[in-house]
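As structure tokens, one chain now follows by itself in the form predicted alone.
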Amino acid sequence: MREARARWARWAPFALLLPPLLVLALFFAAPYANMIYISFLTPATGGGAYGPPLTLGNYRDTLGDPFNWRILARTIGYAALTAFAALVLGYPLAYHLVRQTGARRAVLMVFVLAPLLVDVVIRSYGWMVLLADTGLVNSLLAQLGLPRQHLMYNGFGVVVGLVHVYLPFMVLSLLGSLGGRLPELELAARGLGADGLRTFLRVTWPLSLPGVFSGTVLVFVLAASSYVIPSLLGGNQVLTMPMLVAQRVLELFDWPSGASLAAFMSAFTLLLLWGYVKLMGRAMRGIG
């Protein structure tokens, strides 16, 4: 009996890890491996069919086309701007939420999480109503005697929609690191003679760095891979990498080319995230 219990104690962690590992393998690793395999297949001349032999031509065409690099730079730029704007807007909100207690904090959390209950398509159409050339914002500008602005079907509209949709993820990430004993630590710093700015730089900001890191990474990845928001708020005027991949696969039926574009974007994004992890790791070690 003791031997059975000892054996179960040794294998229990692996048994608990097995279900999530199987889910990851089935719904993430296997599809991704299949995408990589398709990216090396040879497309037919007329499009549609593809198959052996394996070739590097898809990656040669993808990497050698300056158009793909411009679309990738635009996608990464929008994602980085979205992450930065979400951090600037979400940090004061998360800081305010941490200092609330009881029912007031619960109500504010409901307001933060409520947008997540609404589908992305519906929220994007809501912004279309607001930002259209004849929408609410331009109607207000016209009533004030100001010139109408082109707020949609451009980068501005896309970034506004991305920030609105992914802002709650930034706030939740920051709450995880700002929570706990932040008010007490700030009070102690002020009691030791630190002013507001020094308290923020020496206490609040270092405590929030893990949340800043996780929030910016999460928002950046979600914004870079977003398809619906750029499609609706950018229209045909703003083309991002996910939209380009969808065009290659769904309109041109060129699966190998689309797969190579997706793999190219994934590899480039992972490279950027690796550099960001190194940079943030040094920043957190330096402050600590």
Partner chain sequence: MRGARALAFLAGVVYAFLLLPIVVVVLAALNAGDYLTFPPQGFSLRWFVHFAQDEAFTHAFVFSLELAALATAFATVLGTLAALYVARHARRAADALRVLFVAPLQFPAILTGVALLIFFYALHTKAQGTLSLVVGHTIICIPYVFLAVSVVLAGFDRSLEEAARGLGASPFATFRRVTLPIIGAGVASGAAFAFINSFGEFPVSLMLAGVGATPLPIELFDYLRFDFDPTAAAVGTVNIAMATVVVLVTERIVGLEVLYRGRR
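We call the rigid core the largest set of C-alpha positions that still match within 1.5 Å between the two forms. Positions refer to the first chain, counted from 1. Worth saying up front: this structure is predicted, and the values here are computed from it rather than measured.
Just so you know, the form predicted in complex with the partner chain exists too; it's not on screen, but the next bit is about it.
Peer 1: Among the candidate residues L192, I122, L146, L197, which is the single one with a non-hydrogen atom no more than 4.5 Å from the partner chain in the predicted complex?
Peer 2: So the residue touching the partner chain in the predicted complex, by this definition, is I122.
Peer 1: So which of I71, V212, L178, L167 gets a non-hydrogen atom within 4.5 Å of the partner chain in the predicted complex?
Peer 2: The option sitting close enough to the partner is L167.
Peer 1: What I'd like checked is whether F14, L17 and L113 together line the partner chain in the predicted complex, meaning each has a non-hydrogen atom within 4.5 Å of it.
Peer 2: Yes, because F14, L17 and L113 each have a heavy atom that approaches the partner chain to within 4.5 Å in the predicted complex.
Peer 1: Any chance P31 has a heavy atom within 4.5 Å of the partner chain in the predicted complex?
Peer 2: P31: yes, in contact with the partner chain in the predicted complex.
Peer 1: Hey, in the predicted complex, is P206 touching the partner chain, heavy atoms inside 4.5 Å?
Peer 2: No, P206 is distant from the partner.
Peer 1: Might H96 be said to contact the partner chain in the predicted complex, defining contact as any heavy atom within 4.5 Å?
Peer 2: Contact with the partner chain, yes.
Peer 1: Taking heavy atoms only, is L24 within 4.5 angstroms of the partner chain in the predicted complex?
Peer 2: Looking in the predicted complex, residue contacts with the partner chain include L24, since a heavy atom lies within 4.5 Å.
Peer 1: Out of 233-258, which residues reach within 4.5 Å of the partner chain in the predicted complex, heavy atoms considered?
Peer 2: The stretch touches the partner through P242, V245, A246, V249, L250, W255.
Peer 1: Taking the rigid core as reference, does the Cα of P19 move 2 Å or more between this form and the one not shown?
Peer 2: Yes; that C-alpha moves by at least 2 Å between this form and the one not shown.
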